[in-house]
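Single chain ahead, by itself, as C-alpha cells, in the form predicted alone.
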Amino acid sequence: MSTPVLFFVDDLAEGLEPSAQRFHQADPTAAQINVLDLSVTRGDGIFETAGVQHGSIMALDAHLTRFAHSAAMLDLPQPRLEVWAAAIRAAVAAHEPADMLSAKFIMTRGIEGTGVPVGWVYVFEGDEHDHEREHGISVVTLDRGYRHDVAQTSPWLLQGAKTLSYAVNKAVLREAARRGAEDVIFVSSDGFVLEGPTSSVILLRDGRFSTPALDQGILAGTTQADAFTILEAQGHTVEYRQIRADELVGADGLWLLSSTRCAAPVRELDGAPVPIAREISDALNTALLARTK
C-alpha cells in the first residue's frame, strides 16, 4: 500500500479568525490530534469520504454540500467549502498515482470549551470493490429501533447527519458477520426500509427503481443521487418513496450504493436469493465510476 497523505485545513469555517494559510500538509505518521479533542472523547464531529478514480474526485460538490448540511445539523460553524475543496484537491494531487483512492475529510468541534473546530483531509489507497460489483453481496435486515418519522419527531437524534459517531454502524456489521452476511439494510421499527450502515438502498420492482424517501432520517446518498440521474438518462423510471420492508422480498434487483463501492448488487437477503440484474448493474457501475465532478 502507498503512503497516505494528510492536510490540515486552517481557514476552515465562517465566523472564525481568518488564517493567512488556508491549509498545510502534515506528517500522517506523527501525533496530530489533541487527546481532549471532542472527536476523540465524544465522537463529536462530521466527515465525508469521496472516491478518487485515476486521480479524478467523484461527486465532490455533492459531498461538500452534504458536509455543510451535517455541520448545520450539529450546530458547527459553516465550513468554507471553497477552502475545503482546494485542500481536498491538493491532498489528492500530493498522493502518488493509484487506480482508486479515498479522500476523507473531517471537521471536529475541537477541544471542549474552546469553540475552535479542527479539520483535516486524509487521502489513502482505497479498497477494491470489483468483486462485490461483479458477484454481489449477502445482506441481512436489522431493526434500527426508530420509527420511520424519527427525523420529524426527534430531530435532536441527528438522523440524516454524517457524524463521527460510528460505533453502531460497526456493531451492525459485526452482527451481520455473525449471521453469515456481509452487510445490512436497516428497517424502521414500524417496518420501512431505511439505508445501510454505510450505504444507500435502491430497489428494482415492476420496472421502477425506488429508494427510501429522504424525510425518514436517512443520509442523502451522493452515489444514489448520481445513480438516479444515470438511470433516468437510460430511460428508466425512478422514485423516492416509503418502501415497506416486505417489498424487498421478490425484488427484481436490489443494490447498496456508496462512494467507493458504487453499486453493489445484493445476491442474498436474509438467506433468500435475490436476482442480479447484470446488464443494468454493469451499465450503472460503468457510469458511476466515470464521475469526476
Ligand SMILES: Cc1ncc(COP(=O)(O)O)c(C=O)c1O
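Computed from a predicted structure; not experimentally measured. Sequential numbering from 1, following the sequence displayed.
Omitted here: the form predicted in complex with the named molecule. The next part is about that form.
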Only hit among Thr108, Thr211, Gln216, Thr223 for heavy atom within 4.5 Å of the named molecule in the predicted bound form is Thr223
If we test each of Leu254, Ile243, Leu257, Ile46 for a heavy atom within 4.5 Å of the named molecule in the predicted bound form, the one that passes is Leu257
Only one of 91 to 99, 125 to 133, 166 to 174, 67 to 75 has residues with a heavy atom within 4.5 Å of the named molecule in the predicted bound form, and that stretch is 166 to 174
In the predicted bound form, is there a heavy atom of the named molecule that lies within 4.5 Å of any heavy atom of Thr198, even though the partner is absent here?
yes
Answer for Lys162 alone: is it within 4.5 Å of the named molecule in the predicted bound form, judged on heavy atom distances?
yes
